[in-house]
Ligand SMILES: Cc1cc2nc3c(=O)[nH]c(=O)nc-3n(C[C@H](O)[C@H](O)[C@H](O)COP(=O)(O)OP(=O)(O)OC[C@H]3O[C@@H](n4cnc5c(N)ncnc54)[C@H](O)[C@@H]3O)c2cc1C
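Form predicted on its own, single chain, as structure tokens, below.
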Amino acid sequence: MASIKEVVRPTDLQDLLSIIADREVESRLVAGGTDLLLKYRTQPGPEISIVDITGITELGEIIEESDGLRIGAAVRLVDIIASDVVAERFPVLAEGAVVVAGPQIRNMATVGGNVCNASPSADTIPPLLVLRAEAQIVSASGRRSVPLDRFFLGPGKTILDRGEMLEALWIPWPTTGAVASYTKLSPRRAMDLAVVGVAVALWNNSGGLDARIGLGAVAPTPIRAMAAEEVIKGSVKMDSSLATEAAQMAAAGISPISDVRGGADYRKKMVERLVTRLLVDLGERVGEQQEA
């Protein structure tokens, strides 16, 4: 296993950035730390420094801004679930957070950790993808922001360079009338990874229907099913035929593996089925809004 050289707990963001920029050994930032021991207990690795970021107040805040919601990287999943603004404006994110592991893990795990762990099956990422979330990245040399669908490079790998950290996730306020939902297929109802995770957002604008579809556990990274989204774009109404066509396109664009949780063919079939189901359900909700 990796050797832990030291544990430091800065209370100021600039001190934190200096620490991760200047350390001779590689730093590992933790807030909940729910994956840390599991990873380094079983995998050999270099000497590391553990940097606990929970002492930095702004990293644990949910802030309403004029153009969107800013969620600090150290915000716990339980706080996402309990947030009134998330429940009102972004309920699909709460749907993803509430199915992560069990209550004990959710009380410690953070949204930033769930994202930066870069697991293809992470439950918060498909909802964040359909919400057009951006990763706000900071280092001692400055800040940058990237769309979340460009944040992941592979299992456990992100675009973060040495000395950089995820400061927050920023989500624009949703389009008027947009509805979204997340569903997860797993062997057990709780405490298990997703075999397939699907999030869908659907809304109607002046040019017809539009959609975003986020998929987890079906590729080396969580992905957007953009070809399927194009099938829907501009359509007058969502019906079972359109939903099936888009779902088939989504399934055709994935590259799942076979493992102990499910085979590749099974995952493809489940993506098709779950995308169809969510599109039909959300289509009914959009239709009800138009009739109201």
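The first residue of the sequence shown is number 1, and the count goes up from there. In this text the structure is predicted, and so the values were computed from the model without any measurement.
Note that the form predicted in complex with the ligand isn't included here; everything after this is about it.
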Is the ligand in the predicted complex close enough to Ile105, Lys184 and Leu193 that every residue in that trio has a heavy atom within 4.5 angstroms of it?
yes
Residue-level question: is Ala217 within 4.5 Å of the ligand in the predicted complex, judged on heavy atoms?
no
4.5 Å heavy atom contact, Asn204 and the ligand in the predicted complex:
no
How about Pro127: is it within 4.5 Å of the ligand in the predicted complex, going by heavy atoms?
no
How about Val100 - does it come within 4.5 Å of the ligand in the predicted complex, if we only consider non-hydrogen atoms?
yes
Tell me the stretch among 82-90, 116-124, 196-204, 142-150 that has any heavy atom within 4.5 angstroms of the ligand in the predicted complex.
116-124
Pick from Ala211, Ala73, Ile171, Ala135: which has a non-hydrogen atom within 4.5 Å of the ligand in the predicted complex?
Ala73
Within 4.5 Å of the ligand in the predicted complex, heavy atoms considered, which of Gly68, Gly33, Gly262, Gly253?
Gly33
